[in-house]
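Next up: just one chain, as C-alpha cells, the form predicted alone.
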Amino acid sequence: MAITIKSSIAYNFAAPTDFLLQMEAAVIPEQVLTGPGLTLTPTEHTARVAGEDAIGERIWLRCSGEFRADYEITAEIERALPDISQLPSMLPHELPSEAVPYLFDSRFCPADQFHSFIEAEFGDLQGGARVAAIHDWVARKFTYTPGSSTATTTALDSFVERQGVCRDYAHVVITMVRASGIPARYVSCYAPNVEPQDFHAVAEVFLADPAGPPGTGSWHLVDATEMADRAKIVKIGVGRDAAEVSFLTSYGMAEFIDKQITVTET
C-alpha cells in the first residue's frame, strides 16, 4: 500500500525562539519511505533528537522571522492487521517495560476517573474484545465537530461533551483502555480520506500475541473517528497523549501563518 504525503507549515517568530518540529513520517519497519523528504527555512540551530520510544524524530530549531517547513514523501505500508477483538490482553505484571508507561494517567488522559464507568459499561468483556467495544462506543456516541475543542481539552471534557476532533477521540479511547488495565498510547500520523485533511491522531493499544512466545505482545492501531484505514496510516510519532507528539512545540511566542496537507493513495 503506497501513500503519498505533501505537507507544509509556516510560522513567524518575532524574536529568536527555540521550538521542536515533528512532522516527518517515522522510519520504522512497517513503513518504507522514499522521496525528497523535508526542506526547512535556514535557521540559527538545527539538531535531531529521537522521538518517544525511538519512533520518529524531533528536530530542535531556533530562528526568528518567518519559518517554513515543506515535506514530501511516499510511504509503502506493510503492517499486520489482525482482528483486535480476538486478541487477549496481558496481565500488568507480564507487560514488557516499553508498554508500562502507557498504563499511567497523563495530562489529557485521566484514566483513574473512568474506572466506574468502564466496569459498568464493559465489565463483561476482556482484552481485545473490550478494546473493540470501546472503539464502537466512542464511534457511536461522539460527533466529529471541528472547532469544538481546544489545546487544553481533556478526555474527561470530551466525554462530557460527546464531541471533538481526532485528537479528542484518540484521548477518550486511550483513557478508557488504560482504565481497563491495557496500555494505550497516542499516535500522530498521516492518513488519506481524513476530512478536513490535516495531521491525524489515533490510539494504539498493546495486546498479547497468541502466535508468539509466552509473554509477548504488539501494538495495534485504533481510530474511533473511522476515517482512517489501519492499512493506510503513516505514523509520525507516539506519546502518552497529544502533549508529547505535537507537530510543533514552541518555547516562545509563535504566530501561525499557514498549513497545507495532502495525503493520497498511489
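Quantities reported herein were computed from a predicted structural model and do not represent experimental measurements. Don't overthink the numbering: it's just position in the shown sequence, from 1.
In what follows, reference is made to the form predicted together with another copy of the chain, a form of this protein that is not presented.
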Do heavy atoms from each of Asp83, Tyr144 and Arg167 fall within 4.5 Å of another copy of the chain in the predicted bound form?
no
Does another copy of the chain come within 4.5 Å of any heavy atom of Asp198 in the predicted bound form?
no
Is there a non-hydrogen atom of Val49 within 4.5 angstroms of a non-hydrogen atom of another copy of the chain in the predicted bound form?
yes
Is Ala243 one of the residues lying within 4.5 Å of another copy of the chain in the predicted bound form, judged by heavy atom distances?
yes
I'd like to know whether Tyr71 contacts another copy of the chain in the predicted bound form, with contact meaning heavy atoms within 4.5 angstroms.
no
Of 104 to 112, 71 to 79, 190 to 198, 123 to 131, the segment with heavy atoms within 4.5 Å of another copy of the chain in the predicted bound form is residues 104 to 112
Could you pull out the residues of 135 to 160 that have any heavy atom within 4.5 Å of another copy of the chain in the predicted bound form?
Lys141, Thr150, Leu156, Asp157, Phe159, Val160
